[in-house]
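This document starts with one chain, in the form predicted on its own, laid out as structure tokens.
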């Protein structure tokens, strides 16, 4: 029997958190090997574990996979969270990429210079309420089903609900005018595997604070 997937990253959200969410939603137990110092990253690079010299890296099914989207697509395919045919996968990819676009803005916010942060937050809020959330709300309204694609849970739903939690952390009022998205968030959050992941003490990571940011900068040698 294959062992549990092993996730190599630092002890924070970053680009690994969406992988943690997807594995957890699929009901897959996983182990984490945290990098705690720059030398831990050097070791992975030097022993040939990182094809492009960067993390996230996930050991799964005898492979050492890098590149976040490649990892997510493999997990989604393996655990039947990637639609039933090419057309459904195209929609799932399209919606997932929209999630990534907004998620990237929120992910990089802690790196924003202090004097630019307020303007950046305003820009993110405007993009959230004027561009991204209306698009996803429209999808759910167009077919009246419980999930984004094929009336079945897919990686797009999981990625979107993860994003909705981050949007709420930024400003809870941003979701106010999107009842179908709030419904999706509740629905996915109540799935047993996701509900377990949302409980305190799980492998879900908290928002990035100043201490966590300094830790990440030190490990990745970011000036």
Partner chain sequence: MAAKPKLWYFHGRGRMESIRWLLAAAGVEFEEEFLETREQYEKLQKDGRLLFGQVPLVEIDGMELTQTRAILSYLAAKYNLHGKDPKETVRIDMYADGTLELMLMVALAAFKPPEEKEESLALVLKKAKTRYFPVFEKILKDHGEDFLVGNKFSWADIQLLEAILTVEELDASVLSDFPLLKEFKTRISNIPTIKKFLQPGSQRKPPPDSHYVEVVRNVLQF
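None of these values were measured; they are calculated from a predicted model. Numbering follows the first chain given and starts at 1.
The same protein also has a form predicted in complex with the partner chain, omitted here; what follows describes it.
**OP:** Find the only residue in 131, 125, 84, 117 having a heavy atom within 4.5 Å of the partner chain in the predicted bound form.
**Re:** Filtering the options by heavy-atom distance leaves 131.
Subject >> Residue contact check: residue 93 to the partner chain in the predicted bound form, 4.5 Å heavy atom >> reply: Residue 93 belongs to the contact set for the partner chain.
Original post:
Applying a 4.5 Å heavy atom distance criterion, does residue 63 contact the partner chain in the predicted bound form?
Top reply: Looking in the predicted bound form, residue contacts with the partner chain include residue 63, since a heavy atom lies within 4.5 Å.
Original post:
How about residue 140: is it within 4.5 Å of the partner chain in the predicted bound form, going by heavy atoms?
Top reply: Outside the cut-off, so no.
Original post:
Taking heavy atoms and a 4.5 Å cut-off, does residue 77 contact the partner chain in the predicted bound form?
Top reply: Looking in the predicted bound form, residue contacts with the partner chain include residue 77, since a heavy atom lies within 4.5 Å.
Original post:
Counting only non-hydrogen atoms, which stretch in 167-175, 184-192, 52-60, 27-35 is within 4.5 Å of the partner chain in the predicted bound form?
Top reply: The contacting stretch is 52-60.
**OP:** Identify whether the partner chain in the predicted bound form is within 4.5 Å of every residue in the set 70, 73 and 135, based on non-hydrogen atoms.
**Re:** Result yes, every residue of the spot touches the partner chain.
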